[in-house]
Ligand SMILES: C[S@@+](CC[C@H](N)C(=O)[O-])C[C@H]1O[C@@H](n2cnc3c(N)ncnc32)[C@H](O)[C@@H]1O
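What follows is a single chain, given as structure tokens, in the form predicted alone.
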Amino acid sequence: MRRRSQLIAWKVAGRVSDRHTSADEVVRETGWVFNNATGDHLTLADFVATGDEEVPAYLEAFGLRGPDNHQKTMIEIGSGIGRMTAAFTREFGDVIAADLDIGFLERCHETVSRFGRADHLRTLEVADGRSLALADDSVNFAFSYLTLQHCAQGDALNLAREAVRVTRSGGQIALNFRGPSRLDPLLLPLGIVVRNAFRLPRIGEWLSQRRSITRLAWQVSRISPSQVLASLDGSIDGVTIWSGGPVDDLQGAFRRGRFDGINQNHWWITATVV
């Protein structure tokens, strides 16, 4: 398997996470935990509470929250240590938490055991960062948030195709991407420099515990709606592109949705699999 440079930072963070004695320590001490807060007082409960707020908000905004969700199977691509997964296990009957590193998935199981429904949880390692080891038509709903922007463009588009492949006909996808911004000429090269530093013994582990530096490491790709739609052409219907602000390259036969909770640099695609 070819080693992809954008995976190095995740692998380092996963090793560091695995050495902590609890998920509470991971929240307090690692830089990749994205609740935009710092401090020794933070707990896993605080972290999960942000997911408890966001899961119903996104599902309701996208029209994907229904009384039959408890009978459905979903996959969360990029679960991390379970910030949103715990809420998903209370919403859906079967949840597949997928992530790059087994250390994250072990912590995800701990998180869901404390705050969700562990009996509704399965985990899936995405070892190559671009494919899902699931059969076709395995789930009713595929979801990804704050993950595909951290993948190289080819890997992100492949994961989008994989999300469609594993979703049954008539099922839904909700995938989050980050579009181009005026800061990219600075952020993207800095991301490359930081990811290279993550390769250094001991230095990489130190970097993984610094939030501001780690956030730079995740600056990998920017993808427009037209690129995703071209990649998924013919496999989806009822497309809506959601944004919290202006999004470039919005042309074509699909609906446009606005959700004020979306980061100004982000956008979502929701669609039905044909």
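Source: prediction; values computed, not measured. Start at 1 and count along the sequence shown; that's the residue number.
Same protein, other form: the form predicted together with this ligand, not shown, and the subject of what follows.
*Do F104 and this ligand come within 4.5 Å of each other in the predicted complex, heavy atoms counted?*
Although this ligand is absent here, F104 would touch it in the predicted complex, with heavy atoms inside 4.5 Å.
*Verify the contact flag for T111: yes if a non-hydrogen atom of it lies within 4.5 Å of a non-hydrogen atom of this ligand in the predicted complex, no if not.*
The answer is no: T111 has no heavy atom within 4.5 Å of this ligand.
*Contact between L134 and this ligand in the predicted complex at 4.5 Å, heavy atoms?*
Although this ligand is absent here, L134 would stay clear of it in the predicted complex, with no heavy atoms inside 4.5 Å.
_Can you tell me whether F115 touches this ligand? I mean in the predicted complex, with a 4.5 angstroms heavy atom cut-off._
Because no heavy atom of F115 falls inside 4.5 Å of this ligand in the predicted complex, the answer is no.
*Counting only non-hydrogen atoms, which stretch in 164-172, 179-187, 194-202, 95-103 is within 4.5 Å of this ligand in the predicted complex?*
So the stretch in question is 95-103.
*Heavy atom within 4.5 Å of this ligand in the predicted complex - the one residue of A160, C151, M74, A86 that qualifies*: Contact with this ligand in the predicted complex is made by C151 alone.
_Heavy atom within 4.5 Å of this ligand in the predicted complex - qualifying residues of 41-60_ = The stretch 41-60, when checked against this ligand in the predicted complex, contributes no residue at the 4.5 Å heavy-atom cut-off.
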